[in-house]
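Read the single chain below, which is given as structure tokens and is the form predicted on its own.
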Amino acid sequence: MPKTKQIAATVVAVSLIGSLAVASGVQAAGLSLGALVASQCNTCHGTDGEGAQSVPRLAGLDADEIFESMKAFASGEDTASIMDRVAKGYSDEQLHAVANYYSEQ
């Protein structure tokens, strides 16, 4: 694996682990699991998933469509600049939660 891809994968993994480590505290503060996972998507997809430039809008899409897309990225069936690596870091429960979160935006 080229060094830049290794660094990118490490940054994504550390970010996900750090976010998930505080999940129970965030949920106790009134945020849903979907909102917590979605907070990691804001950099590319924008606050509340409105999309930005060439990055697709997620807000208002069908939850099943979002979930299936994320599963395709996680399995390697679909690839993107980073989504095929990012999606692998989430469980089905987390993917369902973030899909439901964005569908309600």
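This one's a predicted model, so the numbers in the text were calculated from it and none came from an experiment. One-based numbering along the sequence shown.
Keep in mind the form predicted together with heme C is missing from the figure; the text below concerns it.
Remark: S91 does not count among the residues lining heme C in the predicted bound form, judged by a heavy atom distance of 4.5 Å or less. With a 4.5 Å cutoff on heavy atoms, A35 does not count as touching heme C in the predicted bound form; it lies far away. Among heavy atoms of A80, some come within 4.5 Å of heme C in the predicted bound form.
Heme C is not drawn, but in the predicted bound form it has a heavy atom within 4.5 Å of C44. In sequence order, I66, S69, M70, F73 are the residues of 63 to 77 having a heavy atom within 4.5 Å of heme C in the predicted bound form; the partner itself is omitted from this view.
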